[in-house]
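First, one chain by itself in structure tokens, the form predicted alone.
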Amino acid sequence: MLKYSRQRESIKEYLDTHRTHPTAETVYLDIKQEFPNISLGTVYRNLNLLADMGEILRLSSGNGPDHYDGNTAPHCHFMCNECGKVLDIDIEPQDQLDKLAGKHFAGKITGHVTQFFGLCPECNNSKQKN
């Protein structure tokens, strides 16, 4: 059983109420207002622990820092190649994708993660103006 931590609980609540998919640095800067003595390392450890426990999602683009999401329900994400912003995409669940992949895989598919990449609306509008 994991020992209760006010800092960890505060980080979880922060992610539950912020749908901006913040980085650890952003979480740290905001949580520091409530816990002035918290370290960036403590924020990273708690984010990784919460992600490993399945209480939050860790989103990696492979380019730049990880982002975190308090919404663990199945949903898709969009990652902007220009500014790095992460957005939720409202799309019907793609359960048939698990079945399709399972037809060509000897193991057992239990789910999938879908990430889209491109330009967010702001970066797209900026590029079109230039």
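Bear in mind the structure is a predicted one, so any value in this text is a computation, not a measurement. What we label the rigid core is the largest C-alpha set whose atoms superpose within 1.5 Å from one form to the other. All residue numbers are counted from 1 along the displayed sequence.
One more form of this protein, predicted together with another copy of the chain, exists but is not displayed; see below.
- Taking Gly41, Gly54, Pro36, Gly62 one by one, only a single residue has any non-hydrogen atom within 4.5 Å of another copy of the chain in the predicted bound form, and it is Gly62.
- Distance criterion of 4.5 Å from any heavy atom to another copy of the chain in the predicted bound form singles out Gln94 from the list Thr26, Gln94, Asn48, Asn71.
- In the predicted bound form, another copy of the chain sits beyond 4.5 Å of every heavy atom of Thr20.
- Among residues of the shown chain, Asn124 is one whose heavy atoms approach another copy of the chain to within 4.5 Å in the predicted bound form.
- In the predicted bound form, none of the heavy atoms of Leu15 sits within 4.5 Å of a heavy atom of another copy of the chain.
- Within 4.5 Å of some heavy atom of another copy of the chain in the predicted bound form lies at least one heavy atom of Ile89.
- Residues are counted as partner-facing when one of their heavy atoms sits within 4.5 Å of another copy of the chain in the predicted bound form; in 84 to 114 these are Leu87, Ile89, Asp90, Ile91, Glu92, Gln94, Gln96, Leu97, Asp98, Leu100, Ala101, His104, Phe105, Ala106, Gly107, Lys108, Ile109, Thr110, Gly111, His112, Val113, Thr114, in sequence order.
- With the core held fixed between the shown form and the other one, Thr17 has its Cα displaced by under 2 Å.
- With the core held fixed, Gly111 shows a CA shift of 2 Å or greater between the shown form and the other one.
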